[in-house]
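First, one chain by itself in structure tokens, the form predicted alone.
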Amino acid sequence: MNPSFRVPRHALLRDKLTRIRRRETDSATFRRVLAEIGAILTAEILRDLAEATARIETPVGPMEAPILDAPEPCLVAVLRAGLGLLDGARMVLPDAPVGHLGLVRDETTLKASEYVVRLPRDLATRGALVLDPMLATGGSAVQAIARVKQAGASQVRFACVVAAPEGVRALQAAHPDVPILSAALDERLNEHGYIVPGLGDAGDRCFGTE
């Protein structure tokens, strides 16, 4: 795989992923654990944000303390399932502006079409972290990132829970400048375009609409 794609070595993350892979996991548990995964992925993919220092006073004395050198990136959730990751990402970045991209996949063509676009105005200065649990064919991710770039974001990152090799290749080909972080790289896509072994339809499982 291209170095723009990374699966972190993180035992806690892998354990949480196993919990939501299980068929018997109920919707409430799936939603809560997905948010926890979102928090871990957000912290992990933003670990290299630029830093500066500021003079502060602790309860026992002054110090030069590290701070972010720029505003936090915007968070952009690909609907619906991206909302589950967004809940966790906002725990890490509670002040970050939030955008929503509604994409629906045609089950015959596997192509995505937009039904809602609401993006923050300061994407150009902040950049964006795009959140979508599944990187399957890559079509939705490619389209979402293109839309975010069109809105002005020059620095974009993408985080997902499970990825198929086909989706990773498609996203890297379309957006070679975008770092991709996934909790796991799964085996393949099946004939219906679903990730194997995957975790099922993340949106349906998150919101109890199976």
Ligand code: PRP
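Predicted, not measured: the structure shown is a model, and the values here were computed from it. From 1 onward, residues are counted along the sequence shown.
We do not show the form predicted in complex with the ligand, though everything after this point is about it.
Colleague: Which of these residues, 116, 104, 91, 124, gets a heavy atom within 4.5 Å of the ligand in the model of the complex?
Modeller: After the contact test, the surviving option is 104.
Colleague: Where, among 64 to 72, 176 to 184, 46 to 54, 137 to 145, do residues come within 4.5 Å of the ligand in the model of the complex by heavy atom distance?
Modeller: Selected stretch: 137 to 145.
Colleague: Using 4.5 Å between non-hydrogen atoms, is residue 78 touching the ligand in the model of the complex?
Modeller: Yes, contact at 4.5 Å.
Colleague: Which of the residues spanning 183 to 201 lie within 4.5 Å of the ligand in the model of the complex, based on heavy atoms?
Modeller: Only a single residue, 201, comes within 4.5 Å of the partner.
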